[in-house]
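Quick heads-up: it's one chain on its own, the form predicted alone, in structure tokens.
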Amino acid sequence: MLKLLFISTPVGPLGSGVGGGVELSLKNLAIEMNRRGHQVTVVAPEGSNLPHIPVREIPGTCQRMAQTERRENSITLPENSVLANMWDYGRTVQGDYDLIVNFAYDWLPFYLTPFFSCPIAHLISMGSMHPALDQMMTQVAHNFQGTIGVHTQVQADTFPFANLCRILGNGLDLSQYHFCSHPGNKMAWVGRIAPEKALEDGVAAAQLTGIPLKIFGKMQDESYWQKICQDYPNAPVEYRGFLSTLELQKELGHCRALLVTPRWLEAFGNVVIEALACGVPVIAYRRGGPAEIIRDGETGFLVEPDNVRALVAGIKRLEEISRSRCRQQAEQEYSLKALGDRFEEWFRALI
């Protein structure tokens, strides 16, 4: 049995949706490690909720999301930083654990790595965002080889230490996602409502095709959303807010397709495998993690980035995709067992 201490993202409490895919990755990995008989404790910001897993809630000010920062900005910590407080707690209890797993995409945990006696595994959730962070991660990659994990090769390739990254993919509890063979005439878009996600491209595609678009996700930028509504007043869209996994899979499964339209490089794209698990084909820009997940022409379509007409062309070809094949890919490559096998092997190697 391994004793594992997971230190969460500092951008918001678990269960709030603010942490996006990082929240889901942490939750699924904690559940699977616990199922395998390992002892898992999660350190997370105050107000976090993670059923059936012990959570040590830490007070403090949450960190700004890395993707909202400009590359030239300085590294900063807010007053009474929850990130600093979580890692201070980790320092005091490190002797009780075999391994600490860092889920924060931030400079501080990498800087602190040499000062901990307990080994630290760093799961990086995004591609390169900041030169100072890249520099610190590079030092850790070389001085503590094998400790940096990423989700995809395309993500690793954004860093100067790409050859030292461990490619781990991701996974889901597929029992929570039900296959739907007969969808309605609606499409879906899932993600944080923020400019880097380029929701407006999905809305534009809905307006051009006349197919209603259901939008799911945390409202991060209200002014951005209002501008989309003003620019596309006739688009058949419906904003449904942030839903739990149980609620989301019910809605998502009845959609004809999922549109994935990021302006930036997605390290993985959990929503892609969530859709596949429900039997939903994915039409995505050929950029970032989704390009390594989707089997073009088999479980969806990869189209030219930032090209709404290309999205529309993919929508018109949806009848070519077998929904059962989408589910099959999820079962073969993205089950919790597959996820657990990859991570357990990594954890044992580090210990």
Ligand code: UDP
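Values in this document were obtained by computation on a predicted structure and should not be read as measured data. From 1 onward, residues are counted along the sequence shown.
Same protein, other form: the form predicted in complex with uridine-5'-diphosphate (UDP), not shown, and the subject of what follows.
With the partner omitted here, the stretch from 130-138, 112-120, 99-107, 185-193 that lies within 4.5 Å of uridine-5'-diphosphate (UDP) by heavy atoms in the predicted bound form is 185-193. Not displayed here, uridine-5'-diphosphate (UDP) is approached by G269 to within 4.5 Å at the level of heavy atoms in the predicted bound form. For the chain shown alone, P233 is not a contact residue for uridine-5'-diphosphate (UDP) in the predicted bound form, no non-hydrogen atom being within 4.5 angstroms. uridine-5'-diphosphate (UDP) is not shown here, and in the predicted bound form it never comes within 4.5 Å of any heavy atom of G90. For L243, a non-hydrogen atom is located within 4.5 Å of uridine-5'-diphosphate (UDP) in the predicted bound form, even though that partner is not displayed. Residue L24 is the only one of L24, L339, A330, V11 with a heavy atom lying within 4.5 Å of uridine-5'-diphosphate (UDP) in the predicted bound form. Note on the partner interface in the predicted bound form: the residue among A205, I124, L174, L248 having a heavy atom within 4.5 angstroms of uridine-5'-diphosphate (UDP) is L248. Site residues G20, K197 and W264 are all in contact with uridine-5'-diphosphate (UDP) in the predicted bound form, judged by any heavy atom within 4.5 Å. Contact residues in stretch 211-225 (any heavy atom within 4.5 Å of uridine-5'-diphosphate (UDP), taken in the predicted bound form) are F216, G217.
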